[in-house]
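So this first bit is one chain, no partners, the form predicted alone, shown in structure tokens.
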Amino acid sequence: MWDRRHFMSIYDLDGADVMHLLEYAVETKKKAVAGELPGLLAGKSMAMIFRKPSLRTRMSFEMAMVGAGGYAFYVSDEEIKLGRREAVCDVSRVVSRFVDIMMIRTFDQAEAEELAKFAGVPVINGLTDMYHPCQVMGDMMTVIEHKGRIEGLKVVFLGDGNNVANSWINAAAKIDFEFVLATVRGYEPDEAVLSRAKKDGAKVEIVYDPAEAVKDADVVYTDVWTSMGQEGEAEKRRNEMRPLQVNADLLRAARPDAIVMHCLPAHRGEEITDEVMDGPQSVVYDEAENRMHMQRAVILELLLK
């Protein structure tokens, strides 16, 4: 059962919590689009702590707060030097005195959890190298909007077993859908995350043949092959993951009404072609927008309970 103190990982929630957040996000999005979202966060403030820069994370969190009457401000790594200039526990205790909620986008999951441990306000994991929970919650929201449900569908992720893949595996441990990761040997997801999900009965499979993986898929999902901090491996990863490219030929193996997703930024011509990215099955930009709506739902849930 989610204690609603922080949002560090999808695995911290139970299935009912996940479905509640998804439904709440869809509801608040409709109100926001209709201009009917009240100032529920009036007078509330968020500190956004960034050790990794980002377009979507910064704008989606900031506008999630602003859209409900709150305020958010950016704290760069240069300003704070978290854990180097000042201990994480001290930063957490001090910032908690100034704001109502914090978000952190960083490298180490342990750093995000330490920030939460000493915080007097809720802390949201905006991304770590281990998990990207807000992204995958927004992704599932997008699937529900376009497919009517997430339960019972086949979601195929092609690429590195990265933080997004780990969060999809966590989601599959909570919600009844099939998750297939098509990857190449040496790029599998975190073994502890995978084993835990399988022990919980998740329908998760690792496949090394992309065409086999995509067969009858309802959702075809990809991500960059080289994440932030892995730039030195870029050429090696491009060469090894080339067979995983989401292109028109591969997409034909999926269901005719399959949707295509990418968490962005995209390296067009590498993990996905322009033809697919800009094609009729792509919901990539709806997915990007839904980060804001999903995160607003998480913020409201944490602050208003």
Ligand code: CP
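This is a predicted model, so every value here is computed, not measured. Numbering starts at 1 and follows the sequence shown.
The following text describes the form predicted together with ligand CP, which does not appear among the structures shown.
This chain appears without its partner; in the predicted complex, the one residue of 89, 228, 211, 234 with a heavy atom within 4.5 Å of ligand CP is 228.
Out of the listed residues 26, 66, 253, 264, 264 is the one that sits within 4.5 Å of ligand CP in the predicted complex by at least one heavy atom.
In summary, the region of this chain contacting ligand CP in the predicted complex, judged by heavy atoms within 4.5 Å and restricted to 28-36, 244-252, 50-58, 270-278, corresponds to 50-58. Within 4.5 Å of some heavy atom of ligand CP in the predicted complex lies at least one heavy atom of residue 135. For the chain shown alone, residue 296 is not a contact residue for ligand CP in the predicted complex, no non-hydrogen atom being within 4.5 angstroms. In the predicted complex, not one residue of 161-187 has a heavy atom within 4.5 Å of ligand CP.
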